[in-house]
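Structure 1 and structure 2, given next as structure tokens, are two forms of the same protein chain, each shown alone.
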Structure 1
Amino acid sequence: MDRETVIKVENVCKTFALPHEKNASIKSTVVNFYKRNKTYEKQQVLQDISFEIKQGEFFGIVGRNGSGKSTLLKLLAGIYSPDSGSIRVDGKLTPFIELGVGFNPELTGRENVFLNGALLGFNRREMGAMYDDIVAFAELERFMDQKLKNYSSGMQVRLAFSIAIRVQSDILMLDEVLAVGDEAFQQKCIDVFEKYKAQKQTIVLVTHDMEIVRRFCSGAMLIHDGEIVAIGEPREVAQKYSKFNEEKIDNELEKENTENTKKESNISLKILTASDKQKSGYVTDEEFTVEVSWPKSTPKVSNVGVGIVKQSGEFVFGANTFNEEVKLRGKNKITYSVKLSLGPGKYYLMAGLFGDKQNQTIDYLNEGPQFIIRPKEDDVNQGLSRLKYKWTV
């Protein structure tokens, strides 16, 4: 490796063998142990992984659950060995793959601080000098003499993270640090990241938080199904990862809309697109068109109404044809188009068929297809709607 490269991974592959025999009891364990023809299923976790991390780089690794991120960190830490390929690390590497590993629930918080410190290589005198700062950072002064088993998961992570950041190392590896903890603790983590970045500390971070990737990382990598899909500029990698998630959410929502078609109404609502393909994900201010149809046998339909409702139950907007020059007698279909000037969130449609007057309800669909609105990339506004405005000084 050149002098600036501190981690170099070349063509790394990792496979796990998953046994088909299940040991549900001591008897089955003994029987399966002496079986001659044991069967296994091979799971390819990582395939041909190659990348480099430079000294002082804040490198993010992202990907959906099960993509191989944590396995990769354990390979870098030397916990696992690759089936093929090579991993070279130049410098002292300290992994925090699971914060709190080594904690004893039967010991007090105070005792666990010294125990965990010993596991990280500190002697008792060094831990004693750092103890007050550790406790103050974790904000657990009143709880240090309680047994750890009485701590919440958030309290345990706060204590573990507070100990972990005392380690002086060339390379730090952090796995899902912000996954647990309240908003105040997460802000403390961010402050630590700010300090690491200013000090040019080499960091390898696995996270699902794309805002952290955009804000702190100087390089990033997206892993999907054990392979590198994208590597390079953090914003581009974060956008690609978000796209993966959006596609999964849209597919699940479309499936849900198909499976949960309400039978209480004869009204049919279909969200239209240019390609005539069903779509469930939209961006703020995108054009939205709905086709409302009903059986031809439905009597005396003179007017139609369509409403948009947030998943939390707030009625967002509704429109009807009562004040419009629309003649529906003898028809059984109409389209409704609207610009979705709404904030991000999950919504659903409702619709009604009416006679000549609004109190003449013929049919009503209380909960129709669902859809999601996502913010524009540069959208910094807040709230349920996106109203047109201007500033004047």
Structure 2
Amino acid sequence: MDRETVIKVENVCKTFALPHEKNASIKSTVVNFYKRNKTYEKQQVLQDISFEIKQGEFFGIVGRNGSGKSTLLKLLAGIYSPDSGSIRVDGKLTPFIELGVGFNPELTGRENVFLNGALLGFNRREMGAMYDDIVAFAELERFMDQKLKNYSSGMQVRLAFSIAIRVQSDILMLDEVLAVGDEAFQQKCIDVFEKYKAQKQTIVLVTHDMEIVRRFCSGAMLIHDGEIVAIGEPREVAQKYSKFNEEKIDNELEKENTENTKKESNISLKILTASDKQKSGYVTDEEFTVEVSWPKSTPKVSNVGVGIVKQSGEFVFGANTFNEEVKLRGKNKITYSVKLSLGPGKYYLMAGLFGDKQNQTIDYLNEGPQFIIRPKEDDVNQGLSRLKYKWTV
């Protein structure tokens, strides 16, 4: 139970000085030289970060772009130094901020293997001993005496990866290594993760992939705006991260919806919710209500139609008052409620106003507000819609 702490971070803060203007000309250089001040802006990247990682832990660090997670990784790796606070690392820590650091296109594959190995802390004798394994794993036997510039990018990644997994280190640190490479490569990565997990290798992993966090991590941490928002159980951290992301996407959609009121039509389409606030994210089978309204001055409106269209263009569903004998009785507003039995994806609404006959179009809104459908937690089906069904044998 008493596992050893291998990384201990206490109250770490980091700010970067961002120059406001580059001195592009001699004149501005001279002017700024006398002013001297105000040319820098302090950007606080990490504030008061404290956590511990124990021996044998598979620790995930998640967060959005610009949240400070890569900076934290570089601090742990000793590439940056903290402004205040302390970082203690017990044992050898090997960071992989990128695969194939120091690869030189003018050198042959073979020479690059030795160079990269030296950067990772292996001498020529040690590299010589594992050289054959590395080449075999990368499946590049025939290409090792060719210059690296003649390799495809996939070959380069394969070579870098097979060197990287040779590294014996107390702690390995990986920054979004999965972001590169094709599916076959990602599968290889996952196999390696499995191996590491089985060996109880201490790993610090920065990733966007919550699937990986749930599957491999024994501990995780969510960073947002330079602060730790959640730390502990990977499942909970992953969930919080997904929620964070959903909120952001919803906010963006709403912003788009409010900004995107093109005046091609006089129809106003509004999605209503219980709280009367606009909302753009829904879960399959949730119910939502749309309010369609139009100016009082619009002549002779007696029928209204509302449609749902998938972002990719498929017309998913349409309803028209004409078929259902709903009488407007002179009102300039109607609400429409529907259960969203739809598959996950992005959709938008459309609406039309009609006269007595259906082909008598008065006004038409082609692209109304957008909304997102997210899958239910137990959703196992595929396709555009979620129909009610049952199996019988």
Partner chain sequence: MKRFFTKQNRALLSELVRTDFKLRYQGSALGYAWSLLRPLLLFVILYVVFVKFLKLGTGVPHFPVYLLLGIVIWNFFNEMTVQSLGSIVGRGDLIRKIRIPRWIIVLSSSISALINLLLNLVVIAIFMVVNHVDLMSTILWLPLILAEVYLLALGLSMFLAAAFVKFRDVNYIWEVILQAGFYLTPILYPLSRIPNLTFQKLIMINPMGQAIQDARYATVTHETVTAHTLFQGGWYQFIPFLIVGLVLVIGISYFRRESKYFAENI
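Note that the structure is predicted; figures quoted are calculated from it, not measured. For residue numbers, the reference is structure 1: its sequence is counted from 1. Rigid core: the largest C-alpha set superposing within 1.5 Å between the two forms.
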Would you indicate whether the form predicted together with its partner chain is structure 1 or structure 2?
2
Is T207 one of the residues whose C-alpha moves 2 Å or more between the two structures after the core fit?
no
Is the C-alpha displacement of L107 equal to or greater than 2 Å between the two structures once the rigid core has been superposed?
yes
Cα of V301 displaced 2 Å or more between the two structures, core superposed?
yes
Cα shift of L148 between the two structures after core superposition, in Å?
3.7
Could you tell me how many Å the Cα atom of E126 shifts between the two structures when the rigid core is held superposed?
4.2
